[in-house]
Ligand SMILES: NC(=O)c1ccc[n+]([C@@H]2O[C@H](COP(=O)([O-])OP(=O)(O)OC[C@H]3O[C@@H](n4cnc5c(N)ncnc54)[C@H](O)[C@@H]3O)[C@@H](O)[C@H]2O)c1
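First, one chain by itself: the form predicted on its own, in structure tokens.
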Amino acid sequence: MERVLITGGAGFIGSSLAERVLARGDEVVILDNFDPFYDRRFKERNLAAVRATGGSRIRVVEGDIRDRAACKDALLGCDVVVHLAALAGVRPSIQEPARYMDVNVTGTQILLDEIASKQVRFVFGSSSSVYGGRTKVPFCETDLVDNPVSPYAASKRAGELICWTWHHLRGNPVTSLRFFTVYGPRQRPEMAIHRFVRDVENGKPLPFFGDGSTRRDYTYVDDIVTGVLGAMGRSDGCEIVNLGGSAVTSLTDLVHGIENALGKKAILDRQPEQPGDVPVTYADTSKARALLGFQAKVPVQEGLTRFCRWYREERARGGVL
């Protein structure tokens, strides 16, 4: 049995990962600061499900990754660290670039500093946003990523570089995972699919940026978690790996998929394209297949149907949405 530290473990991806780790018999430590970026009740709901799975094998440390004492406490006895804690979102990062760098870059370095054992395996949650505004697809890990178009993207690329330097100096195994537009149950309320579903279900106009031609590689959370579990098993080297669905869906088709899943029509509030948005994301996952045995299994329409079902079930039981 191993002990796994998941930073940001009360959030969307982190809590989903925690349940899978606990289900296979390991222990989990969650370090989360319950940042007020969105309602704390979302994370408390996530933790309730995690505790129901893990019982005494789950420990929650409420603290910030910039707090050395909190990091040291959370790291006690851990064999694997999955670092998901971060300030998220492209558009908010444009408003608060210094804060994003402080949390996402300085916080990552402080967490790494406090890892004493050279046997600890480290998995870093990066982002497809590091590829910037490139239009050559699919995106491959060997592509140049020198031109991020938002502070959030720059902070994630900086995190990858910090991880490489730490590995070079310390020797610990490191895997940086570039996530491609993750969605599914427990998705944060401000994220596009959650917001679109909420607006369509409630008959409200949804914000529709640009002409609908922007395309994303939407990846269902269960597939992402499977990829993270694969990365957690790596015991040597330092690698950067894409985790995506290897398919693209336009914004227009995404809205149609939500309409189909809910059986309702969307009311579009058309708005101009937003600074920091990119025209396309599309993952080449051949490295993930070779290195982690990863293959996304949930197509977008099925994933949207699952999410809409979860949303309605949560709403029926009076859950915070």
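Throughout, we count residues from 1 along the sequence that is shown. Just so you know, these numbers come straight off a predicted model, no measurement behind them.
Although not depicted, the form predicted in complex with the ligand is the subject of the following passage.
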Seminar exercise, completed: For the ligand in the predicted bound form, the stretch among 151-159, 233-241, 194-202, 137-145 with residues bearing a heavy atom within 4.5 Å is 151-159
Problem set entry | 300, 10, 308, 22 - the one with a heavy atom within 4.5 Å of the ligand in the predicted bound form | 10
Seminar exercise, completed: Assert contact residue (the ligand, in the predicted bound form, non-hydrogen atom within 4.5 Å, options 166, 122, 220, 179) equals 179
Exercise. Do residue 33 and the ligand come within 4.5 Å of each other in the predicted bound form, heavy atoms counted?
Worked result: yes
Problem set entry | Residue contact check: residue 127 to the ligand in the predicted bound form, 4.5 Å heavy atom | yes
Exercise. Any of the heavy atoms of residue 188 lying within 4.5 Å of the ligand in the predicted bound form?
Worked result: yes
Exercise. Should residue 59 be classed as touching the ligand in the predicted bound form when contacts are defined as heavy atoms within 4.5 Å?
Worked result: no
Problem set entry | Whether 247, 282 and 304 all lie within 4.5 angstroms of the ligand in the predicted bound form by heavy atom | no
Problem set entry | Sequence-ordered residues of 67-105 touching the ligand in the predicted bound form, heavy atom within 4.5 Å | 84, 85, 86, 87, 88, 103
